[in-house]
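Just one chain is shown here, as structure tokens, and it is the form predicted alone.
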Amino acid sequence: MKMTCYVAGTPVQSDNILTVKSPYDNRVVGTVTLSNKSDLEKAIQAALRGGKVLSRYERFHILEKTRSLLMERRDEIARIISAESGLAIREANYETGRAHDVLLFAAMESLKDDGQIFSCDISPQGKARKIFTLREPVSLVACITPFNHPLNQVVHKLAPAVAAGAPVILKPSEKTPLSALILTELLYEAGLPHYMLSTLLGPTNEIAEPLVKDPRVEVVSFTGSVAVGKHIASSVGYKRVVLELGGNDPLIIMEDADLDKAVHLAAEGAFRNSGQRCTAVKRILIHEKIKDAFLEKFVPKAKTYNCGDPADPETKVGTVIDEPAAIYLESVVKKAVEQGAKVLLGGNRKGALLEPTVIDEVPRDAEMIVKEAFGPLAPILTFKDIDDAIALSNSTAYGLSSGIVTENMDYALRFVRELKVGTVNINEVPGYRIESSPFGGVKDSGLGIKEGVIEAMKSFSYVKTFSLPW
């Protein structure tokens, strides 16, 4: 598959070619013609020059048409996601379904009136006037996306921007660029004015760095690592920054938990998407009274998550993004074992393929606990009571999401109040959400600014007020 970057709808012409290879077998999946600093300047100028202002219905129609085109090519796109990322095909199919929902909800939101009315005669100082609000799009958004959801992360940036009417320059991950470029082409095909979107890939010092620092960019929306996110926040200057960074999300299993439910949530949360989700279960925290009973059920359940060829429909767990990532995960397991942890299942690696791994008696200061381990690892830690569980959950630098397994409403409410995270899901995995609901974290997981279709549209626009005599 030969693809190219786009500057406001125009294919980039360059001798600089990126080769995209499968993490599973290293075969060439596709090539991408890369862009340069000159292309970036052209993209910025095209966005600011603009063109026809799209009506709400036109924005709705573009998003709805893109959704329809995506569904027509759903199987093909899922195969590309799987091939370039190493994700199991069943996960890639699920991702196209999520992308469908983002486009659907963004189309719905584009039709809604977002204004408010304030009467001014409500105090002795008031007058017979009314104040009205409306939202206007920002002039230019820079969006940078990671590898782990190569389609859905991109559509979560682009669809709300289209719905809000804000032009975007997109810089997707070089590890998984094909899905982003296909979505770009679908949006163009659906009628998106070309000035509204440019998709660029190239050297960091020619594309990403100057893009986020350019004063003409009003909003930077970034999903990725903490280190890069903090670098962006400290260097972009006077502009709005939306950061969705890492997670170290716990699944907290209380002593009254339904064990079958807890086992299912732990396995799904830790192993789906090869564990490469910011909201994956990174720590399984379980009450010490029920740990043995939990493990009797959990280890056999984990064995059913077979790993192998991502293209095989029977494979549940594909590769991580590349072999260096798998080597790192292998190393943190070994370090935990050296500290006294015990591997109960898995731990073997072949290239970028790492078996789903269950590790018991993991010390609280182990690297895989303190830092984010982005892969199919299920470390088990125990706690003695709810106070200990809350302290343990809050002990890392992250604060994205959490899952709680309990039938006790008092427990549930304490976790909602006291966990320092953006989301608390009761009897569900940390990652549960719908595509339009607010999503985001605190501490090193983000600045508290939410994403999700509705919140992203707010980030890509600003409120204007006006008043009239009444």
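Just count from 1 along the sequence shown to find any residue number. Owing to the predicted nature of the structure, the values given are computational and were not obtained by experimental measurement.
One more form of this protein, predicted together with a small molecule, exists but is not displayed; see below.
Between the options Thr145, Ser82, Ser198, Thr357, the residue in contact with the small molecule in the predicted complex by a heavy atom within 4.5 angstroms is Thr145. Of the listed positions (Ile380, Ala190, Leu344, Ala208), a single one reaches within 4.5 angstroms of the small molecule by any non-hydrogen atom in the predicted complex, namely Ala208. At the 4.5 Å threshold, heavy atoms of Pro172 reach the small molecule in the predicted complex. Shown alone here, Tyr94 lies farther than 4.5 Å from the small molecule in the predicted complex, counting heavy atoms only. Taking the partner from elsewhere, Gly86 is found to have every heavy atom lying beyond 4.5 Å of the small molecule in the predicted complex. Not displayed here, the small molecule is approached by Gly224 to within 4.5 Å at the level of heavy atoms in the predicted complex. This chain is displayed without the small molecule, yet in the predicted complex the stretch 145-153 from 252-260, 145-153, 159-167, 70-78 comes within 4.5 Å of it by heavy atoms. Taken together, the three residues Leu245, Cys278 and Phe439 all come within 4.5 Å of the small molecule in the predicted complex, as judged by their closest heavy atom.
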